[in-house]
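Have a look below at one chain only, the form predicted on its own, in structure tokens format.
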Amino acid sequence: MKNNDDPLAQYPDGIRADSMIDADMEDDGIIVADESTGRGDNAIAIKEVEGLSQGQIVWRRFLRHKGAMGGLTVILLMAAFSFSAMGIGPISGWWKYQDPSQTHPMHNDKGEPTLSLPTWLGGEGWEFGEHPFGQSQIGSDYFAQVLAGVKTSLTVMVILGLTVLIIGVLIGSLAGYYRGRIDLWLMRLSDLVIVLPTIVIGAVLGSLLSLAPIKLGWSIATTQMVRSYMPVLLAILLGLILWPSMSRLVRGDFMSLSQREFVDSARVAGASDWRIMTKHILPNAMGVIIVNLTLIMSQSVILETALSFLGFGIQAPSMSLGRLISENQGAFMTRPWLFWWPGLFIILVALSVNFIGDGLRDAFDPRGRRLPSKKEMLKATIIGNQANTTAAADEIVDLSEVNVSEVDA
């Protein structure tokens, strides 16, 4: 016999469903995603990117990557500190010793660092001193030499990255879009370059760059100019042998994207090949390009350091972190700080660029999804609860109105 006084008596399944949801909430505080009510981690992710463009979504994901933000902060601080201290071009920096090769009287017996940390870090009190990173074996200021080496490493990294970007994207896009003979010849060129041992070719190019002024009998002014711009020239030469990996990735992306519907629509609309490649395909391939570029830039720092350590990279008067380690390797036991500072900055630069690359990879990955925090899940649970309560109350009111109309009848 039905109980007309209870409007939900004829809907026992709905009551059991509500109680089951309440039990699940009490157990773990998480509700399975429900598209009808907009609850769960899928609903949270969709709500966060609602109304945003692809670029805004990528930028938001990148900003949330803690490792990438830490790496970007470290790189920017090192660049600002080194370039402001040692100057850039005709603009001199704020550090008093602008010539890294200039010698000075030994500040103490071994030229130990005068930098002192605050007491709360275990030091004797904050003090910068005359030579914060110490002095080399001949009395040069090591602070100026290390910062000049950081400038060199960052310059090589940026110039090499731009060279690889231009050559790799150009060759990869042409091969992937036109295919046929163009693809065949460009990929054979890529195969020819990629089989060459990078460290050996880099050493040969570095040696030729340093010996060319002497062998060719250039003037003193030309020789000094070449040696002063040696980091830039070496970065360009290294970029000429590191582009194949970029071109192969770009080629694969262009081959895939050129078969998409939006490219066919652009062709039907009469767009030229150049416009299709630059306005339609290239923006969709930027994720692969940027991520691979950061990895190559990180590799360039280690490569330049290795070449300079072997004596085939940056030559005097330019400074390099690898060259500093090579010149002071005999003082490892007596003056260990001569290894600490260049080694520390090499590690910081390489790790920071790698962290930035990881963040960009996660940001551009369309399959990646950030797991919501417990606070966000709890908030979604409360909102879903309120929506369920409101819906249940509206249903009770509707059912009550139906029962009253039946009694009146």
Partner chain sequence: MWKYVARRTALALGTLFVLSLIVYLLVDISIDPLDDLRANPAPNRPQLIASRVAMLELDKSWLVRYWHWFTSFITGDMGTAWRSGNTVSSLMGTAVATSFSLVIAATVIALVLGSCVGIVSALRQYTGFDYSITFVSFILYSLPVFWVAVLLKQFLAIGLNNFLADPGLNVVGVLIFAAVFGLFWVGAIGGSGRRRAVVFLTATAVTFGTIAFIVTTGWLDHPRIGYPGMIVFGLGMTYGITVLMAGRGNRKAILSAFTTWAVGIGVFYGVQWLFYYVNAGWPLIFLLLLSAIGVGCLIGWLFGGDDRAVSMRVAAVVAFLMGAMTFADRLLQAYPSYYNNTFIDGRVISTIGEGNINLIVNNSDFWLLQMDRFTHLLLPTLALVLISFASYTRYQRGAMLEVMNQDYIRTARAKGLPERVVITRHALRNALMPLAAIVPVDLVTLVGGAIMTETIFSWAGMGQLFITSLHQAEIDPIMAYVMITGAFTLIMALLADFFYALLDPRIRVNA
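Residue numbers count along the first chain shown, from 1. The model shown is predicted, which means the values in this text are computed figures rather than measured ones.
Keep in mind that the form predicted together with the partner chain is missing from the display, and what follows is about it.
- Proximity of A363 to the partner chain in the model of the complex falls outside the 4.5 Å heavy atom cutoff.
- In the model of the complex, F309 approaches the partner chain with a heavy atom inside 4.5 Å.
- Residue contact check for T305: one or more of its heavy atoms lie within 4.5 Å of the partner chain in the model of the complex.
- A residue is said to contact a partner when one of its heavy atoms sits within 4.5 Å of a partner heavy atom; F81 fails this definition for the partner chain in the model of the complex, lying far away.
- Out of the listed residues I91, A269, M333, A221, M333 is the one that sits within 4.5 Å of the partner chain in the model of the complex by at least one heavy atom.
- I347 is the sole member of M69, I347, L52, I382 with a non-hydrogen atom within 4.5 Å of the partner chain in the model of the complex.
- In short, of 153-161, 320-328, 170-178, 256-264 it is 320-328 that has heavy atoms within 4.5 Å of the partner chain in the model of the complex.
- Along 341-356, residues G343, I346, I347, A350, L351, N354, F355 each place a heavy atom within 4.5 Å of the partner chain in the model of the complex.
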